[in-house]
Each structure stands twice: as structure tokens, then as C-alpha cells.
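Single chain ahead, written as C-alpha cells, the form predicted on its own.
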Amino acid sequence: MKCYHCGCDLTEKDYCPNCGTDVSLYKKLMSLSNLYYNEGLEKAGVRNLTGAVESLHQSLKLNKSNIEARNLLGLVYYEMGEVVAALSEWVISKNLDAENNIADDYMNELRNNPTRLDTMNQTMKKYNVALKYCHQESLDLAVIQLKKVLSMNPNFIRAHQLLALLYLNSGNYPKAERELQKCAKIDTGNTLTQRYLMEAQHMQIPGEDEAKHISEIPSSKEVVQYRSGNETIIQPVHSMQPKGAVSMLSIGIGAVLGIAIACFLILPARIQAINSSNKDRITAISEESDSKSAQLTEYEQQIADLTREKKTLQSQIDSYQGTDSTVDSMNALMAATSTYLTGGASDIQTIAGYLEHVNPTKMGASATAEFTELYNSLIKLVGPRLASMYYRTGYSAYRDKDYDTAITDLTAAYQYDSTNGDALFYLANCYYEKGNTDQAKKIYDQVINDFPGTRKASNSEAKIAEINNAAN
């Protein structure tokens, strides 16, 4: 265990041996976090996944950097079919500890199996569609979607629970019970599953008011006495059914036969008409789909042609821009040379203004040998004066905390005089003050390498250590 203040290894004492910080409460929090992690591990081992999630959440509340707890939470989510939640935990774990983290293996297993990842993605989309159908009260369509979801991801507990709830709503209690038992096998500690399961089992037990307890008790040779519910019925043994009842029974049977005949004669024709109508609709939809597919192909071809034309025009524009840049650079170099030949190095600011528009590096192949030779000759003559001027203005801007101007001038000062280590050091300080620590560290390293043993090099080392300590 390391000190949260200085990072030093802690001993059995209640204070840090390095900085003296009181770490007694910190140790208790870390121990309690590990205790919840072990509890979550035990619950996951007996498939109490819901309980494991609760324990691991408690562990991470106490110590968000508990990598083992976070990776285990991702595995539990994955086992419950919650792939998005699992990936979120593994990504956080990777960001907290990038080296030797087993979360890499878990994520790589998914990345290396794009079919599995796409299946999980389709699972969540279909589950969301099923929820939408439920809100629209299209419960049959929701059941169909949920069956597809479970065929692709059998461990998706929320899909099992929603499907069971739909079965309970439609009165299909045996199917609801089967779905909930599947949930219980995946997660033994899910209270919502247990609640639904109790409801499904309770609805399959007949109520006492519906049970009929019949017992025949012969009270004499003339009558039979029995009970139906809370009523006692006495019926003669040799009673005759009245003729009216027989007539009503015959009428009922005739009505049933008439309805059956009507169904057999009318229903097939009706079904055939519906099938024919559906075939016509399917044909129309297929033709419309083919037409749209053809249009889409045509549009894609047009987009490809326009993209190629755009690239051609852009390359032409770039070539024109390159030509203009080359001409501008040549004109600026000629003006700077003319100013130097006329007045020498006395008008150094004018020469500097011209040379700001000259950059042989960016010109590339368009910079001729004569152009490069003239530029190098002029720099040899006026470079020291330019470097001194830019260093003065850059250092003054640095003192005034105008870091943007200072960066521009100090960069030019070092460009014209690469032996000016002070310009390079203050340039790094400008980037540091602006918050660009990466660029600052890069320039501090350059100061250390190019000017070893100097005070500016030792100051650069101190700055780099300060930046690293702040990052940790």
C-alpha cells in the first residue's frame, strides 16, 4: 500500500515514514474496499450476480482505483448480458492502470471477434425496439423481438425478465415461470426475478373459492345430498330431467354446429383473400425497394465522381498556392538583400520584416540552389543582429507575460543563433506558463542535451521534475 500524499510505501504504522501524513483512516478505507471486493468475489462464485454488483460498487465507492474490483465488475456485467456496462468498466480500468492490466485481454477478446461484438450491438438495438413496442402496447411484436434477443444473447437477464412480464400480462403463467427460472440459473440473487417468479407460481394455484368439495351423503333411499362450495344440494335419486331442458340442449348443439359449418366455409375464403392482399403488398414494397436501391447506386456513383473532381481541383489550387508562395518568398528575399546592400545592417528591423516571409524549408523542391545560397549568405551577415534583436523583444515580452509574442520572437532568436541557449530556455518557460507542458518538456530536454553543465540545463532538469510530479 502506498501513501496517497507522496506515493511512498507504507508500513504497519499509522503514519507515512516519508512525509509523516496520518494514514490510519486511509488504511481502513483501503481494507474495507478489499473486504467488499472479497465479498463480491464470493457472491459471484455462487452466481449471486446482483449481490456481487452491489458489493463491488461499494468497494469502488471506497477506492475507485481498485483495479481487481473494477475488472471483476466488468466480468459480472458481461455474464449478465450487459456488454456496454462491462466495456465501460474495463476502459476505466485501463485508463487507471495501463500496464499489465488483464482488462486488455478482455477487450481484445471482443475486438478480435467482430462478429460477437456486432451480435451484442444488434442485441441492444432489438431490446430497445422491444421496449418501444411495449410503450406502444404492441405486446406481440415485443415478444417476438425479445425471443430474437435471447437467441443471440441467452444470458441477457433484463430481456428474460421483460419477456416473463409480458407472459404474466397475457396470462401465460407457465411460460413466464420457465423464463424466470432461466434468470434464476444465471443470477441467483436477483430480487426482481424472485418477485416475478412468486407471482407466476401464485397465479397457477387455484383459489379456495373456486375449489369444489363434493361429497355425497345418502340421507335416505329417496334422496342424494352433496355440497358444492358453501351450498348444500339435495336431489331425488330417481328424478327425471324436464323436457324443456332437453329442448334447450338440442338448440344449443344446433347453434354450435351451425357456427362450426360457417367457420369451415367462410374462414378459408377469408384467409385466402388476406393472403392474396398481403402478396400484392409485398410485391409493391419489393418493387419500391428495387427502385430506391437503383437510385441509391446512382447517387453513390455521382458522389464518387464529385469527390474525384474535388480532389483534382484541390490539387490544382494547391499547386497555384505553392507557386504564389514561392514567388512571394523570392520577392521578400530580394527586398531584404536590396535593403542590406543599400544601408547595411543598420535597418535591421526592415530586413527582419522581409525575412519573416522567407522559409526555404516550406518551399521544398521549388527553392532553387541560387535562392538557397543567397538566403544562407544573407543570414550569415545579418543573423547575429537579428538574433539579438529578437531575443531582446522576446525576453521583454516574456517579462510582461505576453507569452504568444515571446514565443514568436524567441523562436526566431534561436533560429538565427542556435548558440543562444537563454532564448531556448525562456522559450520553454513560455510554453510552461501557457500550460503546454508537453512542448515545454521537449524544449527543456533540448536545453539539457545542447547546453550540458550550464545553469540553464540544471534549471531545465528541475522544471521537468516539477512537471512530472504535478502529473502524478
Partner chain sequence: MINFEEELKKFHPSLEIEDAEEMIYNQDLDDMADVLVRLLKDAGTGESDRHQTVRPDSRTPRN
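Note that the structure is predicted; figures quoted are calculated from it, not measured. Positions refer to the first chain, counted from 1.
Although not depicted, the form predicted in complex with its partner chain is the subject of the following passage.
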| said: Which residue, 172, 388, 155, 88, is the contact with its partner chain in the model of the complex, using a 4.5 Å heavy atom cutoff? | reply: 88
| request: Let me know the one among 41, 407, 67, 30 whose heavy atoms come within 4.5 Å of its partner chain in the model of the complex, would you? | output: 30
| Using 4.5 Å between non-hydrogen atoms, is residue 195 touching its partner chain in the model of the complex? | yes
| task | Indicate whether its partner chain has at least one heavy atom within 4.5 Å of a heavy atom of residue 375 in the model of the complex. | result | no
| 4.5 Å heavy atom contact, residue 63 to its partner chain in the model of the complex | yes
| is_contact(residue 162, its partner chain) in the model of the complex, heavy atom dist at most 4.5 Å | yes
| request: Decide yes or no: are 334, 352 and 355 jointly within 4.5 Å of its partner chain in the model of the complex, with each residue judged by its heavy atoms? | output: no
| request: Just one of 273-281, 376-384, 196-204, 396-404 has residues with a heavy atom within 4.5 Å of its partner chain in the model of the complex, so point it out. | output: 196-204
| Going by heavy atoms, what in 121-144 lies within 4.5 angstroms of its partner chain in the model of the complex? | 121, 124, 125, 127, 128, 131, 134, 135, 139
